[in-house]
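For this one, two forms of the same chain are given in structure tokens, first as structure 1 and then as structure 2.
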Structure 1
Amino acid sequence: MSIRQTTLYTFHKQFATDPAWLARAPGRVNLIGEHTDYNDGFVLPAAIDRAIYVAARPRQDSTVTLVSVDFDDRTTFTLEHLDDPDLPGWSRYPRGALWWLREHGYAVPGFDAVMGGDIPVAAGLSSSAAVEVVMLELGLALAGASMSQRDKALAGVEVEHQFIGMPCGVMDQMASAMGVDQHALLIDCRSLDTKSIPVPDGASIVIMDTTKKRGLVDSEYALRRQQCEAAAAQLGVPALRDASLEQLENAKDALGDVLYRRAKHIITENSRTHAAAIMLEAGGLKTVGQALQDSHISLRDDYEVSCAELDVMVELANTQSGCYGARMTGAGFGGCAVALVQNDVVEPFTAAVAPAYQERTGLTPQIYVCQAGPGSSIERLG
């Protein structure tokens, strides 16, 4: 059964009636442009064909009953008490989206809902952004309101900042809300302009989950953000997006080793992302692959957000014939790597990488071939 069907089936089983709405929001994989979004820079993610679904039916009161298929749990709360600390942790993201809608005057009624999905959790594929976006889709529909996809993404970012307490950038929610079928999305994280870039027919996007759960990510992420802000201040620019390599080299001694390397990653990653988008559009997969490989080295050595398992996975992927290039993807410290692989060698690629990774790390990886898919949506049922 597809996850869409499972979600609908579970709704019938739990509530003995038909849902009125079905919302969907995908996860994302970032091809390149890592940790650049909160530096006003450029990113090149794609929404993927794995998503969170929520099936729901409005109620007459302000009670919400939410069932999670993945967590095999059911919780009930009222819209007046969304920040109750005794509610289960998994319900924080959906509650955050409802909180945002109420704060902004949307008259969301209570509802019964089932949430299901097939995005691996805490693996760097933005399952939390997808939960925020899917609940914004649902809440808006229930309130009889609408918003642009971009505004839904920005609302999701505010949920992270103000309700969850994670100082993320805009990439994940933008990709989940604005994804385009068979395309990656070049996002200028300052202007929020997007350009969709077709993924060439000859290449598959392969996601390799190290199954090493991300550790340290919250504290290290916030620290990287502070270091980038400190480096930008020292260089006298509004954000590292505005700094050149020449400016950086001139300020090397003043910055000190750590800030210098953090800034170097951001400045070079922005150039790589630009170049990769141009080359992807032109079908220059070898050059795109090289940019992916360079990105990983920069994230590992200068930005220091990789880990042993990601390094092993990337090394194994890069040494397979027909792999254009691989790198860690997402915030880092565990989770997934991504590779661009020639279509006709995807099977031998997976057959070689998975056992070799397992032998070197003792962990069983999960490898998925994914398609770039459309952004979030909602359908009225019946």
Structure 2
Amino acid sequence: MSIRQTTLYTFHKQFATDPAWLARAPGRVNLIGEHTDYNDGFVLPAAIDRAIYVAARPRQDSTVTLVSVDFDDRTTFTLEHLDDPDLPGWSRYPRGALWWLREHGYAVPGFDAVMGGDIPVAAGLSSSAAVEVVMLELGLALAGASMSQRDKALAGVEVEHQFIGMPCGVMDQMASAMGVDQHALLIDCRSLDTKSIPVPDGASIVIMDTTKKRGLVDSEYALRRQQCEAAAAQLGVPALRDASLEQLENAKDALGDVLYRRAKHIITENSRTHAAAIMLEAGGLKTVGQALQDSHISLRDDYEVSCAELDVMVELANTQSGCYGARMTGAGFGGCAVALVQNDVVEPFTAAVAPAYQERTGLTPQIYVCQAGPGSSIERLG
């Protein structure tokens, strides 16, 4: 049974009636463009064919009963008390979306709902952003209102900032809300302009979870931001997105080794992201794959956010026949790597990489084969 069917079935079982609405929002993977977002740069994520679903039926009062398939739990709250700290942690993201809608004047009624998904949790595939976006889709429908996909994404970012307390960028929510089937999404993180970039039919996106628990992310993430800001100030530009390699080389001695290498990653990663987008449009998967490999080397050596487990996973992936290229994806220090792999060798690729990684690290990886999928949506069921 698909997760869509499971969600609908669970609703009928829990509430002895059929839902009126079914909302969906996908997870995402970032193909290339890492740590460029907070430097006003460019990213190239894709929505994936794994998603969060919410089946719901409105009520006549302001009570919300929410059942989670994934957490095997049920909670009830009112729309007047969305910030109740005693409610289950898993309900914070959907409550945050409802809070945003109410804060902005949308008359969302109470409702009964079941939420289920097949996005792996804590694997760096943005399940939390998908929950925010899917609940915004549902809440708007229940309120009889509409909003552009871009505005839904930006609302999700505000949920993260103001309700959850996480100063995230725009990429996750924009990919989830604005994804286009069989396309990646080139996002300018300064202007928020987007361009759909086709992913050629012959390739699958393979996400390889190292199952190495991320360490150091918060402290090192903050330090990298500070280093980038310091380098931009030294170069006399608003953000590293505005600096050229020539400027960087001319200021190498003044910057010192660490700031030079941090800035070098951002400047070259922006160039790689643009090049990858152009080559994807042209069907040049080998060139895109080389950009992924170069991105990993830069993240490992210049930005220093990789770890031994990610390096092993990427090395194993890149040595497999039919793999165009692989790199770490996400903040780093653990988490996932991503590879572009020929469709006809995905099974032998997975069969070779998983046991080899386990043998070298002692960790059991999780590998997910995905395609680029459409962004969020909602359908009226009756």
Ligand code: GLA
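Numbers given to residues start at 1 and step along the sequence of structure 1. All values derive from a computational prediction rather than experimental measurement. Basically, rigid core = biggest C-alpha set you can superpose within 1.5 Å across the two forms.
Novice: Where is the form predicted on its own shown, in structure 1 or in structure 2?
Specialist: Structure 2 is the one predicted on its own.
Novice: Is R262 one of the residues whose Cα moves 2 Å or more between the two structures, with the core superposed?
Specialist: R262 C-alpha, core-superposed: shift of 2 Å or more.
Novice: Would you say whether C228 is displaced between the two structures, judging by a C-alpha shift of 2 Å or more on the superposed rigid core?
Specialist: Superposed on the core, C228 moves its C-alpha 2 Å or more between the two structures.
Novice: Does D302 shift between the two structures by 2 angstroms or more at the C-alpha, the core having been superposed?
Specialist: After core superposition, the displacement of the D302 C-alpha between the two structures reaches the 2 Å mark, so yes.
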